[in-house]
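Quick setup: one chain, the form predicted alone, written in structure tokens, and binding and motion questions come after.
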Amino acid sequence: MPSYNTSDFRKGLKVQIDGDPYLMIECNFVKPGKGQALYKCKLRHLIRNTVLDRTYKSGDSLDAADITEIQAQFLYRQGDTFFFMDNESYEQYELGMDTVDDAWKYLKEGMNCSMLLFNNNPIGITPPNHVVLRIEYCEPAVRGNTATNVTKPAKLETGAELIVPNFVESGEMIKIDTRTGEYIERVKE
């Protein structure tokens, strides 16, 4: 298995510690007055989402994690189980609600997503950065309430709720930023 030396440490590196996959989210080089150089790292567990602080001496190494990223199509949802298909091998994957996390709010049947595999098992899903979804229901706009930045809750076709501007109505298509969960603009069909 390939490994990374401390000179290779950088943000975004995927490593394996005690058999678990981690993403290096921060790495700082520290050179004390005397002694060896140190690398202070923050690592996020890719399955449990916990953060780990570790300090490594110059010359230490970590194993590379067997992580691959594939493009997968969202097929359908059945209760708390989500079904995806690899776009190249046509292999199907079942992911639970704990693995999909908040991405379920933006998943529409037929949508292509990015899936992380650790030892060929799915550990995470990332929807596209921007998605277009239909508003199932929102309260009608109140006439005369035209002050700036007036918002209201809206229910999307996926079942998620989102805060939208007052002028948006039921049945309209809107563009959403999946990284922040915020409304971007209305979209014409």
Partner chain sequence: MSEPGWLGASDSEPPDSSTWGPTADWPALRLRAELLRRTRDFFDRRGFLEVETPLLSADTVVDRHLDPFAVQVGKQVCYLQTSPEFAMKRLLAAGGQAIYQITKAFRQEELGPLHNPEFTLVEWYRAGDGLTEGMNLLDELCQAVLQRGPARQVSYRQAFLEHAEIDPLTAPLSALRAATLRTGTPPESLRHDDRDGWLDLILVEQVQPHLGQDQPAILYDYPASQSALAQVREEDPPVAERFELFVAGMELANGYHELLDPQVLRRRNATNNAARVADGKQPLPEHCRLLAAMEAGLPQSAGVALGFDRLVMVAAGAKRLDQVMPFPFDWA
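Throughout, rigid core stands for the largest set of C-alpha atoms superposing within 1.5 Å between the two forms. Numbering follows the first chain given and starts at 1. Small disclaimer: the values here were computed from a predicted structure and weren't measured.
Not on display, but discussed next: the form predicted together with its partner chain.
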Check for me: heavy atom within 4.5 Å of its partner chain in the predicted bound form, for each of 31, 35 and 56, yes or no.
yes
Which one, 47, 27, 64, 51, lies within 4.5 Å of its partner chain in the predicted bound form by heavy atoms?
27
Exactly one of 136, 69, 60, 161 has a non-hydrogen atom within 4.5 Å of its partner chain in the predicted bound form; which residue is it?
60
Check whether residue 3 has any heavy atom within 4.5 Å of a heavy atom of its partner chain in the predicted bound form, and answer yes or no.
no
Taking heavy atoms only, is residue 152 within 4.5 angstroms of its partner chain in the predicted bound form?
no
Look up in the predicted bound form whether residue 130 has a non-hydrogen atom within 4.5 angstroms of its partner chain, and give yes or no.
no
Consider residue 11 of the chain shown here, and say whether it contacts its partner chain in the predicted bound form, taking contact as heavy atoms within 4.5 Å.
yes
Rigid core fitted, then: does residue 32 show a CA shift of 2 angstroms or greater between this form and the one not shown?
yes
